[in-house]
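What follows is a single chain, given as structure tokens, in the form predicted alone.
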């Protein structure tokens, strides 16, 4: 037994999904380096929040957590363990009683931990000592909604297992890391000119940098869709399919920009007017529909 009272080799099914919520998936650092196979990186959209959960628990940085969307989730642990909730702030309960957000919690066997609906922000992360253990695919346990790799999105009644625990009690030795940034009230995205910026008129580029945009409810893990002014193009028609990068600002025929997130396609034929640097994307992952968005030139 570990000091936290958790067996080093927990059996499959030690974690039961009581309420899956709107969209809850298993996520880790993703599977970079496989674009040539048609596989995006995937992984946690808010990497700092995911990483904070693992640091608080003393897990390796690659341990998997549960990423929930807007409505949270509830799980029952059939073994004693330690858990933590990070990311979008939300009410946390343990067996129906209020529990702290952002602090490791000791879960007795049979207890139910619930991360409620986000009070602001979009994605909450639930981590467990040892991480969530599923069969890795191309070196990752992440759910990829575009390619279908990794475990399916969680459903009520699903059973998961824990990974191997470190031989220490996270509650006794966890450092106090820097807190995660708060979800944005306004999303400011730095952007550099993309490979097809010349497909847009100077007025189109000016519109991107000065237009009042807002987050569309049609977005998902593939991309952040925006509502607002359309971008004027210099050329008609479409491009042959070409490689797409994380953070690419692609412009479909309707003229509204889409910022590609972790489950983005690795190729596409719509022109890319700009690219948002990766370090700005965690804030995009927490921007709820209706959030104002501004593009600014990257330093």
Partner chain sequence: MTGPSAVPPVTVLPVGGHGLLVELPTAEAAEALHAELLRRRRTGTLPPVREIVPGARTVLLEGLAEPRRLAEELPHWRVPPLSRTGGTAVRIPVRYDGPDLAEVAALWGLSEQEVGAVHASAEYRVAFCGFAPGFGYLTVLGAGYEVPRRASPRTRVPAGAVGLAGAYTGIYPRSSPGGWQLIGTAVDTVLWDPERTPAALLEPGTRVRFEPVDSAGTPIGDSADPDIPDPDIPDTPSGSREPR
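Numbering follows the first chain given and starts at 1. Predicted model only: the values in this text are computed from it and were never measured.
There is another form of the same protein, the form predicted in complex with its partner chain; it is not shown, and what comes next is about it.
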Counting only non-hydrogen atoms, choose the one of 48-56, 61-69, 27-35, 250-258 that falls within 4.5 Å of its partner chain in the predicted complex.
27-35
May I ask you to state whether residue 89 is within 4.5 Å of its partner chain in the predicted complex, using heavy atom distances?
no
State yes or no: in the predicted complex, is some non-hydrogen atom of residue 94 no more than 4.5 angstroms from a non-hydrogen atom of its partner chain?
no
Quick one: is residue 138 in contact with its partner chain in the predicted complex, heavy atoms, 4.5 Å cut-off?
yes
Contact of residue 243 with its partner chain in the predicted complex (heavy atom, 4.5 Å):
yes
Within 4.5 Å, heavy atoms only, which of 117, 192, 112, 79 is in contact with its partner chain in the predicted complex?
192
Using heavy atoms only and a 4.5 Å cut-off, determine which of 147, 201, 220, 161 is in contact with its partner chain in the predicted complex.
147
Within 257-289, which residues have a heavy atom closer than or equal to 4.5 Å from its partner chain in the predicted complex?
266, 267, 275, 278
